[in-house]
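Just the one chain here, laid out as C-alpha cells, in the form predicted on its own.
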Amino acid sequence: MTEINDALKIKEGSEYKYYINGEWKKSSSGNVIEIKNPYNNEVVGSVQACTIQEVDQMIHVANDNYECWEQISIKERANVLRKTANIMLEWADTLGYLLMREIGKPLNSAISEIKRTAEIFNATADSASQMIGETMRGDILDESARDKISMTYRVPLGVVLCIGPFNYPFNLTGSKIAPALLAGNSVVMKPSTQGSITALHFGVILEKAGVPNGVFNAITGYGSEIGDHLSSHPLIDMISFTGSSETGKHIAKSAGMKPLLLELGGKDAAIVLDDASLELTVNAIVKGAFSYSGQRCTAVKRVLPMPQIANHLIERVTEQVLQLSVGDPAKNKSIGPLISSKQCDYVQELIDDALEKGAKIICGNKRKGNLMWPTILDNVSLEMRVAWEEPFGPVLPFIRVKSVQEAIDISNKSEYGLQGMIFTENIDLAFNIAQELQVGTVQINGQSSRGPDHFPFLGTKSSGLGTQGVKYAIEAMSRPKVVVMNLSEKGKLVRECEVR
C-alpha cells in the first residue's frame, strides 16, 4: 500500500488528498474528515473537506477536458478500461484490505469487490459496439422523402457526476465510471464519505492506465456542504447516484432537467409458496438477508411464507442463522459491524417497535459496539415499522400470509419497488405472480441481487430511476446524434420503372 500511496502522492501521512487535473491536492479549507474503522474505531485515515470553490474549479476542469477524451477513438478508450482492470486485479488484495478496514466488510468479500469491479471495466470495454450508430432511408415511412438519409451515431453527454455509496464504494462507483469513460465523457467522482479512501484510488489507477489529466477527477467532502452545488451545477450534464431514496429524491429536485440514473433503496420481499424447495429457499434467504450484515439495497428484507411451509421455513432459517459467525471482518466473520452507531440505533428502533407491538424474537437482538447479531422476527404485522422501513442491517421479519394474493398485495403496498422473489416448484404460477409484482426485477427460486452486471438493473417507485447494467449505462451516458443528408437532384439516376 505504501508504494501505491506515497509514490503517486495520493496521501501525506494519514491524510488523503483530492484529485484534480492529474494532481493530488489538499483543500484550501484546511479541514479534513476522519475515517474510522467501524469494527474497532481505529482511524483509517482522513480525507479533504473540499469547498464549493474547489467544486467549481473541478467541474470547469472536467468540462474543459472532455472534448479531448471524446476525440480519442472508442477502441482506444476501451483499451484504457482493460488496462484499468488489469491494475485493479494486480492491486486487489491491497485495496481489498483497505476496503475491509474502511467499511467493515469481510476481507474475502472486500477483495472480491475489487475483482468484480475489474470485471465490470472489462465488460464495458467489450461493449464498445453499443456506441455504433445506424443509417436509414426516409422513404420507409414517407415515400416523398426518398432523397433523405439519416445517419445516427452516439456522442457523450459531457461531464458526468458519479456519486457512490458506502456499502460498495469501489464496485458501485466503478460501475458508473467505466460506462461514462467509454462513452467519451469526463467524470467528477464524489464518493460516500465512509468508503472514500478506497474510491480515491480510482485516480491512481486511471492515471496509470492512461486517462488524460482532467478527464477523471475526484472530490471529497460533506454532502451537506457541497452536495447541492454539485448536483445543481450548470456544467454537470448527467448524474449517476447510488444511495438512499431520500437523498436520491433530493438530488432529482436539485438537478433540474439533467439526465439521472438513480439506484435507491428497497424492501425486497420473498414470497414462499407451500411447494417450495426448502433447502434452496433457506439458503437463498439466509445469504440474501445477511450478506454484509444486510447492508445492501437488494437484501432480502421480509419473508412472506404460506401457512403450510411457514413453521418449517422459520425453523430451518433459524438453524442456519445461528451458525453464522459474528465479529472481526479481518477474520472473515459472516456478520461484521454496521457502518455506524447511528445505523445500529436505527435498526434497534425497528426491532424494539416490533417487539412492543407483539412480534416474537426467534434469535438475535444482541449488540456489542457496532456489531449486531442476526435477528429473526416472527409474527410481524403490518402495523410494525419493520414491515415497511428499510433496516439496512441484519434483521429479517417474517410476515405470515394466508394466500398468494395477500402476499402480492403486501409486496405492492411498499413505497419501494426494487426486486421481489418467488419460491415455488410451480413455474407457471411463478410467472403469473411475477407479472403482478410492482418491482424492477423478479427472482424466481433465487435471492434478490444486482448481477450479473450485464443484466438490466432497475427499480420502480422510490427504488430508482433509469436502467443500469453495462450496455444500459453506456446508453444512458451517451445520446444519439442525427445527421440528415438531403440529396440534391444533381447526380440522381432516373429510371423509368413500371409499377405493377
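Don't overthink the numbering: it's just position in the shown sequence, from 1. Quantities reported herein were computed from a predicted structural model and do not represent experimental measurements.
What follows is about the form predicted together with a small molecule, which we do not show.
Put simply, residue 365 is far from the small molecule in the predicted bound form: not one heavy atom of it is within 4.5 Å. Contact annotation: residue 172 falls within 4.5 Å of the small molecule in the predicted bound form, judged by heavy atom distances. For residue 245, no non-hydrogen atom is located within 4.5 Å of the small molecule in the predicted bound form, even though that partner is not displayed. Looking at residue 167, you'd find a heavy atom of it within 4.5 angstroms of the small molecule in the predicted bound form. Between 434-442, 62-70, 28-36, 450-458, the stretch whose residues reach within 4.5 angstroms of the small molecule in the predicted bound form through a non-hydrogen atom is 450-458. Screening 424, 334, 343, 298 for any heavy atom within 4.5 Å of the small molecule in the predicted bound form leaves a single hit, 298. The partner is absent here; in the predicted bound form, the one residue of 400, 154, 116, 316 having a heavy atom within 4.5 Å of the small molecule is 116.
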